Structure formats: C-alpha cells, structure tokens
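Only one chain comes next, encoded as structure tokens, the form predicted alone.
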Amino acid sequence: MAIEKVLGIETEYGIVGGPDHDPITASSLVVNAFAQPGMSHVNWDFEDEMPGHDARGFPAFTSVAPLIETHLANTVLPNGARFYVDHAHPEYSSPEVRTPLEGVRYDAAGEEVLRRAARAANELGHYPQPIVVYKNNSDGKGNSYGTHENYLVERSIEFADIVRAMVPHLISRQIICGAGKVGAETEAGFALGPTYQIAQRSEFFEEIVGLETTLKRPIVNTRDEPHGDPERFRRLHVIIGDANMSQVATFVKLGSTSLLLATLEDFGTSAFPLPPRQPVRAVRLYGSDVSLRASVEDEEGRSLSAWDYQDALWHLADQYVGETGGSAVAGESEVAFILSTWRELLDGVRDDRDLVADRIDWVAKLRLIEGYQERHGLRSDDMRLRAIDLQYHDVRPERSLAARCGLRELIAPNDIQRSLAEPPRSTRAYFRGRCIAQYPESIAAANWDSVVFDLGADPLQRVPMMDPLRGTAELTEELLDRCTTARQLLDELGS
C-alpha cells in the first residue's frame, strides 16, 4: 500500500530595490521585518541539514551539494513554515501538509507573508527604490531561482524506479502548470528561438539526475534528506517546476504528482509510459512550443508530445484511483476533484484555451501579452512585453497583472489569513507551530523534524519528530491546550 503523501512547496521569490539594490540585503530586511516584536523569531536548527547526501549512494565527481548559509536571516513561523534568505532571495517553505488542497492553502499563505514582509521592510527603511517581490522564476538576465516541491515516498522504492516513472510527468506537466515567459535566457533557449515559452524554468535544465539545484540543474534531484526516519521514508525533492499564480495550477501540480507517486508505490514502474530517449532535449522542446505539437521519441522509438504523455498519465492515475480509491493522496471528493480538474485543463489547453485561461498561468499571461502587442503594434522582442511578463508575478494585488486576469481561487481569503498563524492540523507541523506560538521564549530553535527547548539553567532539550504524521492536532491538541508552560509540556512528554 502506498504511504500517505505528505507534501509541501518551497518558493524563492524574486526581489528588487532596497539599499544599494543588493538582493541579499533586501532579502534579509524582508525576512527580519516580518519577525518584529510580537511575531515569532525562532531560529532555524541546522543540526539535521544534509545537502550532500545523494540518493545514488555517492555523488558523481562533478556534483556539488548546495551550500548551507547559516549566517543569513532564518526563522520559523507560527504556522509551521520556514521563512529565510536563500542565496539572494527571500524563501518561504510551507509547512508539511497532508493533501494537495492544503498545499495550495499554505502556498497562498506564503504569498501573504511576502506581501506583509515587503510592506513592513519598506515602512522601516523608506528606500529610494522600494523593495518589490515577485513570485516568479527568472530575472530575464539568465538567472533562475526555484520553486521546489517535496513529497513523502516509501523508502523501499528504488530511486532508479522513481526516475524511470516520474521523468515523463516532470517534463510534460508544464503544459498545464507552466507559468509562461517572454523570450529566452540561455544558449539552449536561444537555440530553440521561442518568442514565448510555456514554462519559465525548462530551458535551464541540463541533466536527467543530479545533486545540484543551481548549476547543471537535473530533472530529478538526488538529494537524499528525508526529514524523517531514513529507514522508512524518502523525500522526493522536485526542483523542476514554476511558481504558479494560479491556485488551480498549483493544485493540479501537487495532486497529479502525488497520485502518480502513489501509483508507483502500488503498481510499479511497468505501468508507466516509457521516458524519452533524450529527456533534457524533451523538456526544453516541450517548454518552448506553445502549439503543443512538438514530439520526441520514447525509448522504443514512438513519437510522443507533452500532451500525449499527460493524457497517458491521467488515464493511469484514473485507473489507480478506480482500483484503490487514492486515499494515500486525499479523501474521495478531493481525489475526484484532482482528476476532473486535471482532465479539464488537459482537454482545454488542446481544444479551446479560452476555457482554461482562468486556470493555466501561461495561457492567461499569453493572452495579456498578445492583446497588448496587438493594440500597440509591438514587435515580439519589445521590452514592454517583458515588463508585462514580470508584472504578472508582482505579489502586490494592486500591481499584479495576475490579480486582474480573473484566475479562479480555490482558497477563501479568510482561510489564507488564518493560515498565517494556524499550522495545518494534519501533520507534525501542528506541534511545531503550536509550540512556537505558545512558548516562543522557551524555544532555542526548530526544524522540520525537531523542536529544541531552552528552559534556562537546564541543558537544551530536543523533541524529535521523525514521523511527519505524528504531532498532528488529533494526537497533540489536548496536550498542548492543557500545558501552559514549556516545562509542563516537556514533563508530560517525558512521562
């Protein structure tokens, strides 16, 4: 049986403005501004960080693990999320959640965190150029930054099987989950000559598998850092994908990937379509072809478009749900909603894009671009079109073009606001978030799988949380409600 699919999203936000136009300084100001008195400022615990662990057993000689920047602003929020500076970007890593719809909710909460944080930083600093934050994936100058997904997977599944099964999905899902981009930024992108691309990140990928996340980016990342019991769990760290302004696109991205991972655990690799002979070429070609007609050969020589792959994978997921119910991913109604929405987006993007322009980012953005270009008689390389591209991703509602496109919302604004302070009830993030909210002065640090308490004269006490499905509201709410102090909590846990 497939294990329950705990998941989450990490988003590095684009940033401009601030003192001397230095993105690291601006990012630090944003993170620190959000963690003012009255708000949580619990430090991140780096004890369990293992960026060099490779799922292949050992890294290739050319692999370089991501750096751990312990000196930059880094805090844990009362909703269980991590908010920090990653290289030159403010990054929001959502708390672990149990279903794709919860994933959308806490991803949307991240956008609100960034809005509030940037506004607070600007009010404190009054900079000549205000700090502005964008939920996008490239700066237009050849620099790309990531939106990463994480999925809990059974440790017994061989990593090679994950690669074999998931490559077809990861390279093709961009036709419904891509955020769209004007022009190209890399030699590989320029060689394809697109005036508009379906996805922002596809042209930046160079390998099928690998450990890196910023250089020689792989379609499947090999970082083996389960953030849980390594004997039982893997964490599939997906680095190929765009930051979506569309909540529906985020939902389908998380839902389809979760369903296919559960399918892999129960059905095995033989149920999946064969990957392309040249996956890197395929992901770039698919990403640059708005006609959706581009095709590549699979390992047996059959010619398949990105739509063909997605159609086959949808039918596989539908079969899986029909036979198992899909409860590893979500409840019956949510699983049905994943399948029906995924199907609507697939058929709409092929047959009538007007029907899905309110749910697929690249389609919505392309309509804006083409409408402005036609009205003003602009060439396809006019810089004003790039400005529209960027403005689509502005997190400020009054400036965001995405906010004016009529994108469908899945999460009510009030629920998003509550999610800034309330952790998800379905995972260990509940225990983490409640502890941070109730005992901030008694917590030295926290990370995904532990909370470290400091009660003063006593040694630091670490409470491990090696199972993402422990520490839920069901298991700990009553305990936390009756423990008014951290010492009382630790005494009860110890007993």
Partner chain sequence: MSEQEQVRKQRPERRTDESTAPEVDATRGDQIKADLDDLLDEIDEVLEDNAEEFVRNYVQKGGE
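Numbering follows the first chain given and starts at 1. Every value quoted in this text rests on a predicted model; they were computed, and no experiment measured them.
From this point on, the text means the form predicted in complex with its partner chain, which you will not see here.
For the options Tyr106, Phe251, Tyr145, Tyr286, the one in contact with its partner chain in the model of the complex, meaning a heavy atom within 4.5 Å, is Tyr145. Residue in contact with its partner chain in the model of the complex (any heavy atom within 4.5 Å), chosen from Ala336, Ala412, Ala387, Leu124: Ala387.
Its partner chain in the model of the complex comes within 4.5 Å of no heavy atom belonging to Leu236.
Looking at Ser419, you'd find every heavy atom of it more than 4.5 angstroms from its partner chain in the model of the complex. Under a 4.5 angstroms non-hydrogen atom cutoff, its partner chain in the model of the complex has Arg217 among its neighbouring residues. Heavy atoms of Arg367 reach within 4.5 Å of its partner chain in the model of the complex, making it an interface residue.
Between 308-316, 389-397, 96-104, 242-250, the stretch whose residues reach within 4.5 angstroms of its partner chain in the model of the complex through a non-hydrogen atom is 389-397. In the model of the complex, not one residue of 305-340 has a heavy atom within 4.5 Å of its partner chain.
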